[in-house]
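Take a look at this single chain, the form predicted on its own, given in structure tokens.
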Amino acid sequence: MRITAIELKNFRNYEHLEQDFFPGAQILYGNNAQGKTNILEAIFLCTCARSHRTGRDSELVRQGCDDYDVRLEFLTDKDRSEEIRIHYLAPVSNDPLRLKPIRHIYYNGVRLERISDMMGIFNAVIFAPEDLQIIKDGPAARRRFLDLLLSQIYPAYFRDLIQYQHLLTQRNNLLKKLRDLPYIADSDSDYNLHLEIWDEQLSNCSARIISRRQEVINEIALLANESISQITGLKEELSMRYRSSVPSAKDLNREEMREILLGKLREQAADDILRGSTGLGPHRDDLILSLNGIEVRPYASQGQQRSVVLALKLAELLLLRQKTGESPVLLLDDVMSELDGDRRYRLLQTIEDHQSFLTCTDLSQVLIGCNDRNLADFIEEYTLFNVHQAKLTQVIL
């Protein structure tokens, strides 16, 4: 895939921007707080209708405005011209038609009814400072990483996630009601009466989600291990393991997994009622990352953590290309400032087959690689843009 143009209206600090882009690397440079990251954020928004920095659309609206509009034109690898547009309207208290937030998503001019309908249309992989949360934060951050990747490859997986969250909410609501009754519903008859219908559906949906996660982890682990060696130039071994609610999940088929989940939900029904929440399922699982046999999160240095996350992102890029037949766009937000010359050089070598967007405050972070070689020595095409006060100016050196 290759982005050919973007249009922003009232998005972050952009009042109105129309900008063409070109094959190869697009390098956005300038001082901080000028709008470089906002461009990458708008591009990533078109993959899943969600920013990588915030879950609130209201924070994306330019100050003093009540809506934003993002339009992205891109070419597929089959040379088809396509377009994604997202128009968000914030609530307006004195307008009866705008009492709630409204978000419209269009694909080639046709409005999509659900977010799930846009998954897989336009694919991009972003690596930003916030992505260190994959390592530093709890299991939810690592599940988000897996879920977004899987949703771009398998749109049906995204629908499973939505269904699972609905079923989980319904079961938890029922658990709270049962907890507030004057007795604990722990007999077989009480279980069958109250929970069986939800547990059957929940175990079915859970088995599909866990099975897909396990499948993609097995595939991305190999690619990430190759990527970290390429980035660091060292013989480091990166491995990953899925910590599941189902013991030995990687050795089970989907039906076996469903039966185990159903049995476990029934076994711990009384405990779930006392807690008022469901204690097992895909919403409690985790991805364990290890470097040279040592778990990354508690023991790896800051530099090692950054290298691991970058390896995961490059593996995501490669896996998306393998599975979809399209080369995703790569977004690198202020990554070069954190890497030494050798690592910058190796990273830029790995992305030459993809259109990429790189932000930096100093061109020397990108233009100089290993042994002071110029970017043009290993990337055939690149375009420079100076970003100043929400305006992009193409620069010819």
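Remember, it's a predicted structure, so these values are computed and weren't measured experimentally. Residue numbers here begin at 1 and follow the sequence given.
What follows is about the form predicted in complex with a small molecule, which we do not show.
Do heavy atoms from each of Gln34, Thr37 and Glu59 fall within 4.5 Å of the small molecule in the model of the complex? Yes, the whole candidate spot contacts the small molecule.
Using a 4.5 Å heavy atom cut-off, which stretch among 350-358, 43-51, 337-345, 25-33 contacts the small molecule in the model of the complex? Flagged stretch: 25-33.
Do Gln19 and the small molecule come within 4.5 Å of each other in the model of the complex, heavy atoms counted? Looking in the model of the complex, residue contacts with the small molecule do not include Gln19, since no heavy atom lies within 4.5 Å.
With a cut-off of 4.5 Å between heavy atoms, is Asn13 one of the residues that contacts the small molecule in the model of the complex? Yes - in the model of the complex, heavy atoms of Asn13 and the small molecule come within 4.5 Å of each other.
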